[in-house]
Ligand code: GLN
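Heads up, the chain below is alone and in the form predicted on its own; it's given as structure tokens.
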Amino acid sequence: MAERPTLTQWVTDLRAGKVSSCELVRASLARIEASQARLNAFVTVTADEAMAQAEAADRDLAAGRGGPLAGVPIAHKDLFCTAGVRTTCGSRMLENFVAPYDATVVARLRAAGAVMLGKLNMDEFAMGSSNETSHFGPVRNPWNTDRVPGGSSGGSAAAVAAGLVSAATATDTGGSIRQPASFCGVTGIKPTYGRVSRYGMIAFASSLDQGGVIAASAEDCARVLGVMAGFDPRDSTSVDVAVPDYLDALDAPLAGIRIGVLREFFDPGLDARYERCVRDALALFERLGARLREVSLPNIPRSVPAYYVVAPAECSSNLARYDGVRFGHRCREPRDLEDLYKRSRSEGFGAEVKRRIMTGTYVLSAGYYDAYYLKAQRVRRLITADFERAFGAVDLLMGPTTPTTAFALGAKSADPVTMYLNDIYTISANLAGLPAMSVPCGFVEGLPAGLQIIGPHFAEQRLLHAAHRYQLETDWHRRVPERCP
């Protein structure tokens, strides 16, 4: 099986003059063109702009200048605003929206010299677990195009897995970085809530959304996250905590690190073959010097019902702005203001978005706020307390990322509850605002499986260190699908 080139390799080769940014970008654009009909990973490709940025990066590199990612081709999930390039959120509602400014994440990566190839497909307004809700059609998994890539960052994961880009931005509200990373056999990290600016990142659920990165390896993620992270005064949820050098001490030994194995994640719903992959990964950590112990978080089973009250409530509030008046899709020839509102929103939003808006509006309505929303927030606090107690005894928590490998396209579309349960192992980290990541740990019948690593607040460096040490001993993260362009 072929191996996937890493962003770290490209950074090294660019600095050494072994390859030019223009060469990398031309090759990436050719792979995107060759794969688009099969994978549908991109919504917008910015070929001319990318070549101009690559030429500028090559001039900087030749002069001994350039940022830490100078000349490296990447792409952005299509909910990060990009000046002069449309940002659709995978929705008809914003199909023609062109932002007048860059999101902070985009601006920081641009300043670091990264070359943007375009915008990546996603579940509409980041609502979905399969990347089947996009107005622009489903993304397909490069390992098996009859399977989903996971969502909502399915375009990001598929693009990295297929070698179309070296890294991609992504967001995680209830598992939308980790789950597609697991399904596509790549590495993805969701940092602590507030670590990465949400300015210019179009909101789904404001207390849960967090930007992150998907790449081939933990080392690649460390390089990109180091550029993205940091305080932003324009984001009221941004936390002013110093960002360490994520590359520092990546190679340090793991001896003595305490790993908690999450009992609740090894439940009857976990595929037995997937469990073997995770258990093998845990055994390797033990051989590397880690100390394993079982840890119980008794309120974890309440994560899904709590999440599917809190997230729709916040989405109902955030998406109220799309009314056909200020911006977004507007219906043709409305009879009056009420007709304008109704038809613009009915035409602009897809079925899953409408479902969550209706659910959120209901739980926030008079007479139901205390019974549902307030109770869900109390459960959220219990889940957070479980994690706090666990991290008093261990340094990291580990378990499976998802109950199964990637499922077939359309297999769960008719049953929203079954679809929602696919995020059962990832949601709790969002409710508690914790950093978490997924790393490839094996295959089940040709489809990747992922190991999830969760840490205490602002412990991204610890997660990346553990993942990197694991990846030095394995090659799961380097494997690529046979049909990659």
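Residue numbers here begin at 1 and follow the sequence given. Bear in mind the structure is a predicted one, so any value in this text is a computation, not a measurement.
Below, we refer to the form predicted in complex with ligand GLN, which is not included among the displayed structures.
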Even though ligand GLN is not shown here, does D423 get within 4.5 Å of it in the model of the complex, heavy atoms only?
-> yes
Can W143 be called a contact residue for ligand GLN in the model of the complex at 4.5 Å between heavy atoms?
-> no
R198 near ligand GLN in the model of the complex, any heavy atom under 4.5 Å?
-> no
Y308: heavy atom within 4.5 Å of ligand GLN in the model of the complex?
-> yes
Tell me, please, which stretch of 251-259, 125-133, 383-391, 403-411 lies within 4.5 angstroms of ligand GLN in the model of the complex when heavy atoms are compared?
-> 125-133
Looking at G185, G188, G90, G175, which is the one with a non-hydrogen atom within 4.5 Å of ligand GLN in the model of the complex?
-> G175
If you check R356, R108, R345, R147 against ligand GLN in the model of the complex, which one has a heavy atom within 4.5 Å?
-> R356
Residues within 4.5 Å of ligand GLN in the model of the complex, restricted to 180-210 and counted by heavy atom = F204
